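Considered here are two forms of the same protein chain, supplied as structure tokens in two stand-alone entries, structure 1 and structure 2.
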Structure 1
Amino acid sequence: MSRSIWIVAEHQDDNLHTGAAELAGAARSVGDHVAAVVCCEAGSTVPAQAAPFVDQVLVIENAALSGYTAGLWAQGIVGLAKESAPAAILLPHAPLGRDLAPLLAARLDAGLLTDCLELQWEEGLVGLRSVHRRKLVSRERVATPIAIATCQRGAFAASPAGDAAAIETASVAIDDTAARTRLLSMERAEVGEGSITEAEIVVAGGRGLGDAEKFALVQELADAVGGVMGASRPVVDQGWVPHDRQIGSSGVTVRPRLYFALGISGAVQHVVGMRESDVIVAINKDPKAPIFEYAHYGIADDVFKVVPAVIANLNS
């Protein structure tokens, strides 16, 4: 019997998210029939954009689905899944999946595996997940007839584009008066002038710098190497530097020639924003910090000892 895996197509306005091809790849790793579910308004081109990556596109069309509203998307997908009973439904471990996956799981009485790095099928959907700050991997299996999982961005090879799959419009009723959350407006990211995304050298500092005053060391090194200062999220959260300096999934993605990570642990949400840099240097006093797995050069020592010495060396 063929095993059907659905992916929930992520899109904004009329653009399919690039992560959809990866999600299709994740679905192919455990299923032999892959369908993309698209929630959109009539006339959207998103179904056609998804078609090359999957075997079938299931479209849930309604004027109320133009923006993302959790309750309405869930209504449509749950209605469809109750009829067709896919083996699993996959979503990105991103704002969409964090919001929608547990809603689907609750309404389909399904087990949910989040932030999966790898999927397997062993009498049910098995997910490999990183736990305890990446020090351990946990293998978990869903024990319910339908499984829900969210997949880490970048963890799965994208499904190559092939022939466009058939597009079918599903007939599920959406009752938009039932929505108890409503999207009012979107705020696009503001791109600052001389933004760090264009810098050839980025010197980023993290919570390990200690406080706003001591964080000045990061700017000092940036000045010494002719680079631009960046930061991890806690530094921005605490107001040491403005938000446009934040590197990572909820900030910007940079790809400079040279990247310094000072006092940054290397959480996945940070790493996705810098791992493509050509040369990565990490300085962290914890020799087991995950950042060293992404760096080309590492120094396991105190930034307040090493960085002043680096600056002195550059100036000599």
Structure 2
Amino acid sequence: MSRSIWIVAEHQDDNLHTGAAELAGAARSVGDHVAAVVCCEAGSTVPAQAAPFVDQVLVIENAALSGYTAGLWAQGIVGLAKESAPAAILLPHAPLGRDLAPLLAARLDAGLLTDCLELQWEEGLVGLRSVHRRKLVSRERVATPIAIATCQRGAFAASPAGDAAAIETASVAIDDTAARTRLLSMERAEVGEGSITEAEIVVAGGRGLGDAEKFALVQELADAVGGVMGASRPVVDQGWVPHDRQIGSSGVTVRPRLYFALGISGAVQHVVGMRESDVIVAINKDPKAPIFEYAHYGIADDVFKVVPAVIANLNS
């Protein structure tokens, strides 16, 4: 029997969010049929953008859906889900998912898993998620016919693009007079450094670097290799770098092609956020540091001797 998993396609300004491919990958890990649900206005190109990553695109089309509001999106998705009964509906663990997922779960009387790092299927959707202030990983199963889950960005491999799936417009009535909130306007935040979860090269530093001033070496190497800077939780707790640079169970999960771990011991809370990197290079003067168990290349030496030599070689 085919198991259909739906993903809710996040989009803005008629552009599909890049994380949709990862969400499709998460769906493929537990289902044999993946459908993207797109809430949009007529004429949107988002359904076509989602089509290469899924097996089917279900479009809920209405002028009232041009901008995101939880009530109207939920109205459409719930109506469609009651007709088609997917095994699970996945959303990104981002503002959209944190807002919309509980509403879908309540209206569908469905079990809800949030911030999942991994998905499995065992007579129902099973999610692995961090609990108890991110110190433990919990394995939980949804017992209801339909499961709702939010997935942590960067934790799942993206579904490869293939042939464009069929796009179907669903006949779901939207009563825009029932909306309890309405989108009035949006203000753009200043564009800063690129998202660490989407970077192909990440250079992360840990407490072993010593202090905030010495942490500048991490940024210097990141600049030299064309990457972005990351950090372990102790560094963020010390205030050396902003929280949005934190990698690990209490930060973000990354899957870059190349990951440098500088002065990072390799506590499990950090490793869970970077262990799926294609290539991991660890530099730590402690040869017994746990990080070396996960590294593809390890250098047991002083970061402040090795990294400047690497940078000099790159710049020569």
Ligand SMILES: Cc1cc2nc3c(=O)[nH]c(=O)nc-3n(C[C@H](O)[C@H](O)[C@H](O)COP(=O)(O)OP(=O)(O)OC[C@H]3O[C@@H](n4cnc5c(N)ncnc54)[C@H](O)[C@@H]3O)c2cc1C
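Please note that residue numbering is based on structure 1, beginning with 1 at the start of its sequence. What we label the rigid core is the largest C-alpha set whose atoms superpose within 1.5 Å from one form to the other. Quick caveat: nothing in here was measured; it's all calculated off a predicted structure.
Q: If I had to pick the form predicted alone out of these two, would it be 1 or 2?
A: Answer is structure 2, the other one does not fit.
Q: Could you check whether the CA atom of residue 154 moves 2 Å or more between structures 1 and 2, using the rigid core for the fit?
A: For residue 154, whose C-alpha is compared between structures 1 and 2 after core superposition, the shift is less than 2 Å.
Q: On a core-based superposition, does residue 269 travel 2 Å or more at its Cα between structures 1 and 2?
A: True for residue 269: a C-alpha shift of 2 Å or more.
Q: Core superposed first: is there a CA shift of 2 Å or greater at residue 301 between structures 1 and 2?
A: Yes, the C-alpha moves 2 Å or more.
Q: State the core-superposed CA shift for residue 245 between structures 1 and 2, in Å to one decimal.
A: So the C-alpha of residue 245 has moved 11.0 Å between structures 1 and 2.
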